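Form predicted alone, single chain, as structure tokens, below.
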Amino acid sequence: MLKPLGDRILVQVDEEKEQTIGGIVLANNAKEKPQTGSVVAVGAGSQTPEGKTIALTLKVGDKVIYDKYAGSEVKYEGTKYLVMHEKDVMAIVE
């Protein structure tokens, strides 16, 4: 399993939808990049200049919405993930 460092999180990206609500199938290059996913791992947190660790707000299992171009794509054992800083997450979906 991948373990992010510092204030980073590992997000499993939601699958892209094949068609719109109206039933029109979109070409691969016309699809929008998904902006939702599930947190599968979190780092220990950020460090202050004094050396204290500030824990992350997010936890494993949170469903999140993140910035459109956030993070770095990583493919591990056939699954697509994003590694990003916690600050790139805009909201938790409840």
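Everything numeric here is computed off the predicted structure, so don't read it as measured data. The numbering used is simple: start at 1 and walk along the sequence shown.
Another form exists, predicted together with another copy of the chain; not displayed. Remarks below refer to it.
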Check: Does any heavy atom of L58 come within 4.5 Å of a heavy atom of another copy of the chain in the predicted bound form?
Finding: yes
Margin query: Test of understanding: in the predicted bound form, would Q47 fall inside 4.5 Å of another copy of the chain by heavy atoms?
Written below: yes
Next item on the list: Please run the contact check for V83 against another copy of the chain in the predicted bound form: heavy atoms, 4.5 angstroms, yes or no?
Entry: yes
Next item on the list: Decide whether V74 counts as a contact residue for another copy of the chain in the predicted bound form under a heavy atom distance cut-off of 4.5 Å.
Entry: yes
